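One chain comes next, on its own, written as structure tokens: the form predicted alone.
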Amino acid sequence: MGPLDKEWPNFDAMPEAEVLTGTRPRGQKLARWVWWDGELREGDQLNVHYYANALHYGTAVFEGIRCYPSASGPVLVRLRDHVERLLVSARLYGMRVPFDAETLIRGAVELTRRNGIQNGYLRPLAYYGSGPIDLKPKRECLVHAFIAVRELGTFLGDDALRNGIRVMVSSWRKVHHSMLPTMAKASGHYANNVLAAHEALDHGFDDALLLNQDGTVASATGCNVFFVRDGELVTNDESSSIVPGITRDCVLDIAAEHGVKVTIRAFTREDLLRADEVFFTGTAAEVTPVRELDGVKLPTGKGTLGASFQRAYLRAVTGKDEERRAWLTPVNG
């Protein structure tokens, strides 16, 4: 098969990732202002009660939303989709968030503008506050909500975006969707991911894959997984106990436009080891190639389908794709 820009002409003239990411900040500096229960407050004056139910039992739900610079000013990517998913996650835990979607959307925009953020990561979070030691927090614990923001450049590093990351299969299995509502982005669920991420760190890898109990692949520690085999793009869905990511949905949308064959099904570690390429998607990680899985080298870089998706995604989220302007919420009106 020839270069992908010959196979899919609509990928022509797409700038390299370096052009789209070259001016990003290097750290994760916290912004001064936080949207806290409906008003902007200075972050260093805020606290969470030490008996907050969320602190003891993980009863919080959250989102991650990217802010990117564009020619017309900073934009928030698929803000409404993220906010609506936050509220669905809250509902699954019986949590009555005291703010509707419109209020949270306005809060996110106001917060980003007030902090002067260009490249950033917003963290909306709703949690059960203080109350009795009880596993029925909806009975007495108030629900609080905040949106915080920090600078964020290339989450896994420029080299990861360009050349890929090294990944291992974790010995820890993913919690099954019959045990917890894995579609929800709930804080307590991520203890499972922390175990796998620490295992990868201890073994010198960048990230880990979690398998389901039946041996099929669930996800990476914070990303959805795609692979390519003979020009076909494959990923899994909610039946594999994943959070169906919004960046994942962006890639599927781009694939549909460009006529890339997509199959959504369960798959195994062996499928990934036999793949032509593998890449991860996530709000923080964007579209990140995998260059090695359990010691097996995988192709990355120019000429791969993953690289084309990476460029197409970065074009869209920085306002360079007219067809996907609806994904973006301008911060400056």
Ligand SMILES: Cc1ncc(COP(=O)(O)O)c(C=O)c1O
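Counting begins at 1, following the sequence as shown. Remember, predicted model here, so these are calculated numbers, not experimental data.
Just so it is clear, the following notes concern the form predicted in complex with the named molecule, a form of the same protein that is not shown.
Of the candidates T221, S170, S89, T235, T221 is the one whose heavy atoms come within 4.5 Å of the named molecule in the model of the complex; the others do not. Listed residues V97, A197, I165, V243 were compared with the named molecule in the model of the complex; V243 is the one with a heavy atom within 4.5 Å. Of the heavy atoms in T281, some are within 4.5 Å of the named molecule in the model of the complex. Proximity of N212 to the named molecule in the model of the complex: non-hydrogen atoms within 4.5 Å are absent; the residue sits far from the partner. Although the partner is absent here, H144 is not a contact residue: none of its heavy atoms lies within 4.5 angstroms of the named molecule in the model of the complex. In the model of the complex, the named molecule sits within 4.5 Å of a heavy atom belonging to N193. Stretch 78-86 is the answer when you ask which of 124-132, 110-118, 78-86, 258-266 has residues with heavy atoms within 4.5 Å of the named molecule in the model of the complex.
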